[in-house]
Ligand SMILES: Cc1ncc(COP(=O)(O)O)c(C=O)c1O
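Below you'll find only one chain, the form predicted on its own, shown as structure tokens.
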């Protein structure tokens, strides 16, 4: 049996008529950039997110740095985040001209550890960017309390957790803004790149809208800005898919529960944690080998058995060759949990269109390796 990592084509076939109809509508409208389909999708996304505003942009990276710029954060400022995530989170801080300050992750959730944040705050600190990693919400009430205490801005990197929520809070409810990515791999993905900012702050909304469109909200009238607009064809694809996102996330949770039940007795790996009262949407189902030296051996075994397992963020940001030590970034305290997560992680196939037979085959092969190496 061959188990793929992504189910993009299966998903398209399941709702092909809806997607094709929206694309055809855009093509026949003759308005492909900043047109009515984008406006429609932005309204749908805002309603889904429970926010007043949603702004479509070119990608998830742009969503973060345009939000930072909209908040006036740039050279001389510091932004706190954690290093066991995709490089773009820190990259966006650097593009804005600010310094990225890294603290460790929570060993259970792999999201930023709120107990490590205060030690990293200096007079230069202007914002915190928690990442809702793998589909699990960070502890936003604890982070919000710190942000309020020190009068810091709070931006949620929600590239991986659309449709998730915490215990008594929604994403974007406790922050200045939340950003997301719509690249095809995401729970809600288009056929290419895309991103968005959602917010309840009218000033952030107005500034991001200007920044994404060459500093313009009126034809032929410009100020400083960029070209980062979500195209209408992508907006049409996303509009069709958004109607299904909760059902698809339910299926992800179903497969995650099946993985967890099947693998709970394995001795060589740790399984993902869902906090009580939280809704984890399993953008990725990430296991960790208890011994980092086992990670590549287990990964190779799965691939050799036709299971397209992968690693995600297997080199922590501060361990990347291009990490700008000094003015561009610094680390506060130990980041041992983040480093272990990077060195030990394996992502098992996870998408809504998986079958029971595929999930059970993955479970069987992981257990086979565990029995031989435990």
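Positions refer to the first chain, counted from 1. Bear in mind the structure is a predicted one, so any value in this text is a computation, not a measurement.
What comes next is about the form predicted together with the ligand, which is not displayed.
This chain appears without its partner; in the predicted bound form, the one residue of 172, 93, 131, 188 with a heavy atom within 4.5 Å of the ligand is 131. With the partner omitted here, the residue from 199, 160, 249, 289 that has a non-hydrogen atom within 4.5 angstroms of the ligand in the predicted bound form is 160. Interface membership of residue 64, defined by any non-hydrogen atom within 4.5 Å of the ligand in the predicted bound form, is confirmed. Contact annotation: residue 226 falls outside 4.5 Å of the ligand in the predicted bound form, judged by heavy atom distances. The ligand is not shown here, but in the predicted bound form it comes within 4.5 Å of a heavy atom of residue 88. Though the partner is left out of this view, residue 142 does not reach within 4.5 Å of the ligand in the predicted bound form, counting heavy atoms only. In summary, the region of this chain contacting the ligand in the predicted bound form, judged by heavy atoms within 4.5 Å and restricted to 179-187, 99-107, 299-307, 72-80, corresponds to 179-187.
Residues are counted as partner-facing when one of their heavy atoms sits within 4.5 Å of the ligand in the predicted bound form; in 297-334 only 313 qualifies.
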